[in-house]
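You are given structure tokens for the same protein chain in two forms, set apart as structure 1 and structure 2.
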Structure 1
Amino acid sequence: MNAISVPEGAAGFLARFAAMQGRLPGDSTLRAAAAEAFRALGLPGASRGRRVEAWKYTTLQPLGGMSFRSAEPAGKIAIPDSPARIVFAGGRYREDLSTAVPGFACFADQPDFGELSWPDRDPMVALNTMLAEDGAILTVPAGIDAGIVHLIHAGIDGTSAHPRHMIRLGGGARLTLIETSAGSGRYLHNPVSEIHVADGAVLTHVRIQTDGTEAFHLATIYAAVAAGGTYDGFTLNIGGRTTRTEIHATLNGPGAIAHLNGAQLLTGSQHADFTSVVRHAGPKGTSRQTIKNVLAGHSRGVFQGRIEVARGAQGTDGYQMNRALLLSPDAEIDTKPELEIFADDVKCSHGATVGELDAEQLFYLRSRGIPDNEARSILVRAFLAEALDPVTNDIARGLLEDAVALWWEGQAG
């Protein structure tokens, strides 16, 4: 393959891979294959004339014109105080800032690319597989309740981070994983997470993304849920210039449950894409997705949700809803639901609502003496409060409410 065929925007990342290839941990054949795939796929939207259906509404063209370095190993960053925390900065594990968490190892020491991801098909997964330097390998043995673990990522100006996480819950195990991503300056956070929930295990996975306004956050999550297991996911997207949350959940065993809920609060010219693929592979699985968007300024929200029901997945119950509140005439939401059903005993529904604030509700509040701007604020916060309803863990809920309140103060002020 000659240099001329390298797609726009990919060259910088490929050059970095060539320079550091020999020092990267783990399977070098897999990395080389990922590099070839990335060379062929390029950054979505970066090359003229190439459009990929999976990236219909999101382009990474601006990313292609930028250059990023690897993060330096140390440096000062602010870290929230929490008892069980695993801290990464610019994609590198920071032992000095982390606490001892049972069952944790870092990817740099015990590289594990897992078996669920598709570096040959998903460009951002190919990029991650090529450049991953570190990540969290977290294992909760069967029957253990590991409580709450915080996985914290700090973005560093001028760097790109490609952490590779692996979360494994044994049979009947429980874990609440609260993941935060924040930082300031221009950086790329490109994590890939692989999650295995064994029989009867429950993973509550709350993600709070408050990256800086110049940041790119392109996350891919693969979750496999066994019989009677639950993957209970919630993602709050507030920060970033361009973000994408792509979740692939496969319900393998009978009675497996997946919740892929989320909220996106955007303003200015922010763009946030929430893309999910739920595969009902085993019978009697339940999937629930409610995504709520509050869009101000010129922002754009995207929800692409696909539910696939395999031939043997009888008794599947799937639900998908995308709601958007547009606070400005220039804000935009795009929704693309897709159902692909090969079983006959299936209950699947999807829907979408787009709107401004309800005029009757607004009048009701004002008729009670509440000034117009305060009444609007009450209704937006009510919409958001409902978005957070699926999260029942008090600590996670508190963090989400704080993040939402801070965002809303920024809008009002």
Structure 2
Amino acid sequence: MNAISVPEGAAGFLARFAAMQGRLPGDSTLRAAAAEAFRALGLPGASRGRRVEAWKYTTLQPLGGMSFRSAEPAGKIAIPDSPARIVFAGGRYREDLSTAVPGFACFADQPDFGELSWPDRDPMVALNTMLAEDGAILTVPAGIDAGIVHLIHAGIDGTSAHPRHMIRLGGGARLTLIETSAGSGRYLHNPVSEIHVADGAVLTHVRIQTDGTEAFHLATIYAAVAAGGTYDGFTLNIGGRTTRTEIHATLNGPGAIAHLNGAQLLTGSQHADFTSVVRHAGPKGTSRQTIKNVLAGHSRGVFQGRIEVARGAQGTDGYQMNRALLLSPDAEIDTKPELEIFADDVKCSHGATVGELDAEQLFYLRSRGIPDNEARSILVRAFLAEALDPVTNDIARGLLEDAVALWWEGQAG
């Protein structure tokens, strides 16, 4: 990595904003306000004496001692082949690697910060709001089935990227969005996505994160779902040194649905945090969430999930479950499920379990001639099945299974 003569941590990001302020697209007043918010909030865990409850189990102190540069406008990168793909490298759109996708525009050309995010409360959203250079603006008109779109992020060593994405589905529209993030070296990927699902629309959003082991991946997603709409999300976290996925889903209309499932497969000293808030604002909404963690080495997994039910959200049906499988005595899981209910006609539940591979099941498989590593693989895959099963799209499911298989091969090696 090239030497960088810029300040480290929060000071470095603020210095970068000051240098780029006149060249960044979009509302300069909003960006300046976000910069002031970031100056006050700082990086969670990196400021002495500062305690942020939402970041109780995850610190960005290591990030505070690093500095990053902007990505170069060109350069060769390897990307997966896909007929409808939108490619970003180091946070910048790569037209040469992308294909034509109907309804797509660049944030750099049509900046849209939306209205759901909270840069005054969330330091990483504030950082994104002040430094976002590009991102995907994707619109699916009412009644259109847009098929599958692959949104690809390539991390570049030594850089920080802050893409800003906006996804809008009109009434009755459908889209399967497969979002992958990968790279090598030390970099920061700090995307913010805002998603609007109109009446009766269905968005399937599959996120596969296999960033380099020195990378920081800190993603924030806001989803608003209207009456009869469905946001069907799945996140797989495998890569990265420090990873955080934060999802805020609001079910605004009657019969709105949100699925926030996921899996985190960690090893070494990796740290991954899955934080979610599902707000039932309309009646008869349904939310389902199952997060599975497989933790090896000295890794640490975090799950923070909260279901909020507003006073008028009668008939709400919410479910939340976090399960962890510890493959090492040195692995750790922190789990914090919450319910906040202000309606009386609801059905909400949550739970958490932590365990290790069942010795009797392992003995049974080995007694049938199955090698130890293969027997362990069978049990781990069985453990993950409940989380993976809701992903029914063949292409997305294939990518997920390939990523899981590659991770397990790394453990065996």
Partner chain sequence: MLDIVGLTASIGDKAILNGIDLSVPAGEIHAIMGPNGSGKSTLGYVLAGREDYTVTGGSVRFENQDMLAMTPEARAAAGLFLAFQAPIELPGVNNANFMRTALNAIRRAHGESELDAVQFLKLARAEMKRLSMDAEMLRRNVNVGFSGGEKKRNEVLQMAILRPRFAVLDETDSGLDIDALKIVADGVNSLRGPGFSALVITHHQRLLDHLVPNRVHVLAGGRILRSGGPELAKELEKNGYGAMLAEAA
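Rigid core (definition): largest C-alpha set, two forms, superposition within 1.5 Å. Note that the structure is predicted; figures quoted are calculated from it, not measured. Sequence positions of structure 1, starting at 1, serve as the residue numbers.
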Shown alone, the chain in the form predicted alone appears as structure 2
request  = Verify the C-alpha shift of Pro371 between structure 1 and structure 2: is it 2 Å or more after superposing the core?
outcome  = yes
